[in-house]
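The chain below stands alone, shown as structure tokens; this is the form predicted on its own.
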């Protein structure tokens, strides 16, 4: 689209301010700005009028498909055998959600590049590759690894993996792709400018991974290679076991559309999303969406009825993802702090929320599935999220758990 077409579009959408500095830009900057504007989904702005960010849940009931740690141990050999064979047959791929930056850790680099070592360098990316390598060594098969980056960290992430020689992983089995972006707007629905030649955008949420995967061409490549299931996992949990044969085997043996690794809640008020049923279909309910009575409800064994907290480690069957791709994922309107240019063209780094971002969530993908297996793991062995520099779910707490699991830092 040329300048005239873009201007007419922006005039129609009441967003002509995005071209405010167009006359000051060089030719390359102008082309990049017009290209970026042409890819904006302006329909997202209509959500600001619909209050979609406060969607109500349906009827919540306890989950029926779950295997506890004790049950897993009884069937471990059987599950393991199925999972190992699936990996050796090339049916399992691993997909890392790595679009985030290390801002909350005090870093301006990709989050996965953060060094958590004490006496030596140990990076978050390195720990995840180490965990995946354990399965490679166990099964004797390389697992295709797909790494989703964002526009903000793609170049740095790719270069980092090259510089680190992929931490020993076979680069022939690693592919990168960039997550789709969504515009960021102020409270009046006007899209912010991040720079004079760039619209303010952000990744479209952790639920946007599959459409980005498809549009990158990697889904087709995976299917041609025989991959039937994808283990999707977050960058910040350094203890998680990836492409875990036992987990894979349990899901395949039960013919599940998807499966989720979960941990038992430590207390009723723990701030973690809980796997349950919503209107009879699998769903994840955030801690603040459970009533106090539901959060504290216990069964005949004295255990919490809504006890399985998700850790963002899922196994999806690709054919079920494709089946549901025609259904649009709900878009959540989320208040955020958005860096932008003010009226004078000066950079603003707000200390409080100043607008909206538009995000899709993986929990909504779970609700599209016919069923979902809750697969319980031992918290101390597989759940060490790094969300903060200090305190709860921090670099400090993750280091302690890594040390407990024999990792030298």
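Here the structure is a predicted model, which means the values were calculated and not measured. Residue numbers count along the first chain shown, from 1. The term rigid core refers to the maximal set of C-alpha atoms that superpose within 1.5 Å between the two forms.
Although not depicted, the form predicted in complex with uridine 5'-triphosphate is the subject of the following passage.
In plain terms, the part of the chain that comes close to uridine 5'-triphosphate in the model of the complex, with a heavy atom within 4.5 Å, is 91-99 out of 271-279, 166-174, 91-99, 243-251. Looking at uridine 5'-triphosphate in the model of the complex, residues 179, 203 and 206 each place a heavy atom within 4.5 Å of it. 103 is the sole member of 266, 103, 159, 85 with a non-hydrogen atom within 4.5 Å of uridine 5'-triphosphate in the model of the complex. Between the options 333, 290, 234, 122, the residue in contact with uridine 5'-triphosphate in the model of the complex by a heavy atom within 4.5 angstroms is 234. Not displayed here, uridine 5'-triphosphate is kept clear of residue 13 by more than 4.5 Å at the level of heavy atoms in the model of the complex. The closest heavy atom approach of residue 399 to uridine 5'-triphosphate in the model of the complex falls outside 4.5 Å. At least one heavy atom of residue 111 is located within 4.5 Å of uridine 5'-triphosphate in the model of the complex. Mapping the unseen interface onto this chain, residue 321 falls outside it, with no heavy atom inside 4.5 Å of uridine 5'-triphosphate in the model of the complex.
Annotation for 145-159: the only interface residue with uridine 5'-triphosphate in the model of the complex is 148 [heavy atom within 4.5 Å]. Remark: with the core as the superposition reference, the CA shift of residue 353 between this form and the one not shown reaches 2 Å or more. Residue 223 shows a C-alpha shift below 2 Å between this form and the one not shown [criterion: core-superposed Cα displacement of 2 Å]. Once the rigid core is overlaid between this form and the one not shown, residue 75 does not reach a Cα shift of 2 Å, moving by less than that.
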